[in-house]
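Below you will find one chain, with nothing else, as structure tokens; this is the form predicted on its own, and questions on how it binds or moves follow later.
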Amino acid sequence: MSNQFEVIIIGGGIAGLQAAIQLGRYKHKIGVIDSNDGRSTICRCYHNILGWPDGVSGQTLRELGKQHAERYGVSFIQNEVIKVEKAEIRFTLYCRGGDTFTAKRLLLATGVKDNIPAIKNIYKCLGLTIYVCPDCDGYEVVDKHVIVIGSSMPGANMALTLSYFTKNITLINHDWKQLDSETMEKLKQKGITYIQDDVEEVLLREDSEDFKGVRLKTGEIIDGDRGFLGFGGNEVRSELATQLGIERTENKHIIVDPRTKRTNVEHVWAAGDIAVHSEQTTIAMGDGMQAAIWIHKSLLDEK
């Protein structure tokens, strides 16, 4: 496989894959460099995507997207880009292990990495009966007892948001940082049970990976039907953008033109959670498509 491409997409999640498919259909020489540890790898069942009424996992979408893109000759490289340099007409990307690649255009689609605490059994339920996004999965807890494991204000805000879907909520403040009196009053008004303690273990139903509650550090067991995480502090993976001088917001998301997804640096685009912070699969797809169309236009203009 050649190390020279017209376009390199950094990130093989939903936005990157949609862009790869479209750019492949334009018959450009495309490379996707992916470290295979993005958010979509831990999402076990999306229920709000058109065409998948019974749900679909992020892993399935990634596998299908990769197969789809490969039909159009897109190359996939499993590695991590650690450094990028821009020359006059070409970018050079340096990966772990010493591999280097060059491209005329770049699409950054490196996304966001969730802040998941080190609690026993949490990954067994994550994306199935423990969730992180109320817009995606709030419906899954309608009229159920949901246990929100969180840290101070992010946890409280998650619990208050979920009160739209259920009246039976227990908030466990896992980091012990005190909440202000106004927030405590809001929780009380919504009937949200508040506990300040560490969660030692997620409890599973017998012979399954279904959430059934938590064990606290004190040994107390809290039974529940579903879990939600509210920790904040997610990692925005935009370090490569700083190497190129790309403008970012205060929370490290990349600023892009809303129509084209282009950054302030010529020939660099960004798509998905790294840019809009919408944290929605369907919007990531749209971002990837928009970026691909305008990357194609820029290559036509060059020719």
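Just count from 1 along the sequence shown to find any residue number. Since this is a predicted model, take the numbers as computed values, not measurements.
Just so you know, the form predicted in complex with a small molecule exists too; it's not on screen, but the next bit is about it.
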{"item": "Contact of Val141 with the small molecule in the model of the complex (heavy atom, 4.5 Å)", "value": "no"}
{"item": "Ile255, heavy atom within 4.5 angstroms of the small molecule in the model of the complex", "value": "no"}
{"item": "The small molecule contact at Arg62 in the model of the complex, heavy atom, 4.5 Å", "value": "yes"}
{"item": "The small molecule contact in the model of the complex: Cys43, any heavy atom under 4.5 Å", "value": "yes"}
{"item": "Selected contact from Ile172, Val132, Leu160, Val84, since only one has a non-hydrogen atom within 4.5 angstroms of the small molecule in the model of the complex", "value": "Val132"}
{"item": "Which of 181-189, 216-224, 152-160, 132-140 sits within 4.5 Å of the small molecule in the model of the complex, heavy atom basis", "value": "132-140"}
